[in-house]
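So this first bit is one chain, no partners, the form predicted alone, shown in structure tokens.
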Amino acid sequence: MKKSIIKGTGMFVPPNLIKNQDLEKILDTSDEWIRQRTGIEQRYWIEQEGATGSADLGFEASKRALKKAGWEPEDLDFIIFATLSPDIFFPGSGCLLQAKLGLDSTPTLDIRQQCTGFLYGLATADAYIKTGLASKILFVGGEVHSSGLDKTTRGRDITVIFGDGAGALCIEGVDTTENAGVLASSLHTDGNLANALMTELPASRLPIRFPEGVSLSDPRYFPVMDGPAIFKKAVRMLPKVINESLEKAEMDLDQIDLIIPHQANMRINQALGQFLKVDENKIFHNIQKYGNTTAASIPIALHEAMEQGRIGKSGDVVLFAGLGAGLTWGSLIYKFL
């Protein structure tokens, strides 16, 4: 049976480094306040001049992943792009990325699962490979948050969290009898909690997407979040969904070499470790460097963990987990061949 094997990873963040001290100049906030509540020390934002979209960041990450895999763009037979911040309203960023790669017929799929975009994307890639619909897949998670944040004191609680960036994976269907690749996944959604983390405007459900008489500085044009509700849901549902995947894979937590959670908030990830009763060194963190990059978060973290030698050797097992807007949450277990 074909197994979904990661052949290469890549990441890219724009060069514009924004430290907490830089935010102190434009918001009523402080480095101490941000660190205590989020664990974030810095993040990267696109430059204010010119035009840079999620597909541009994804293109740079893709080039690095393709080089690692030893592939050319022409080798790809499917592209999956996960983002909540598409370059334009339509078409999707996957189409724009495909063109940047010099391709003109390779199918693309855009998914809008926000912070769980990687989990849904990798599960989708695995399904395509196991059913024979694709053999070499490029997955990209890319986000440009900075151009859509409320950079006033009113929006500081969210503005300090988010960063821009992209992560990419080359995934190949490999015939092997080894117990490798995606071993199990568990995915969930509760749309009843959509209002807990959302951007309301512009909205195609309205007669006019940009309502007349509503200023573009209206808070509905910016992300809003019920932080306490998200925190409570995450620390309650993430251990549960992790155990679901462990049960499907017929594994115990002590067989997992590294846990890579979505990098939303250091406090959430630390609480997750406490609930799971695992050594904190078993959970990978890099939110302090990049902030929350949503769909790019886990693939960036995976790339860094592999570059650091934390994971990636034959037989290593990594567990991914995350919760975010939707609300959506899930987990996935992967074993290196």
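Since this is a predicted model, take the numbers as computed values, not measurements. The numbering used is simple: start at 1 and walk along the sequence shown.
Keep in mind that the form predicted together with a small molecule is not shown, yet the notes after this line are about it.
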item: Partner proximity in the predicted complex: residue 37 to the small molecule, non-hydrogen atom cutoff 4.5 Å; value: yes
item: Interface membership of residue 85, the small molecule in the predicted complex, 4.5 Å heavy atom rule; value: no
item: Residue 99 within 4.5 Å of the small molecule in the predicted complex, heavy atoms; value: no
item: The small molecule contact in the predicted complex: residue 71, any heavy atom under 4.5 Å; value: no
item: Site check 160, 264 and 324: each within 4.5 Å of the small molecule in the predicted complex by heavy atom; value: yes
item: In the predicted complex, segment of 136-144, 151-159, 165-173, 87-95 with a heavy atom within 4.5 Å of the small molecule; value: 151-159
item: Listed residue that, although the small molecule is not shown, lies within 4.5 Å of it in the predicted complex (heavy atoms), from 225, 201, 253, 193; value: 225
item: Position in contact with the small molecule when the complex is considered in the predicted complex, options 249, 111, 258, 197, heavy atoms within 4.5 Å; value: 197
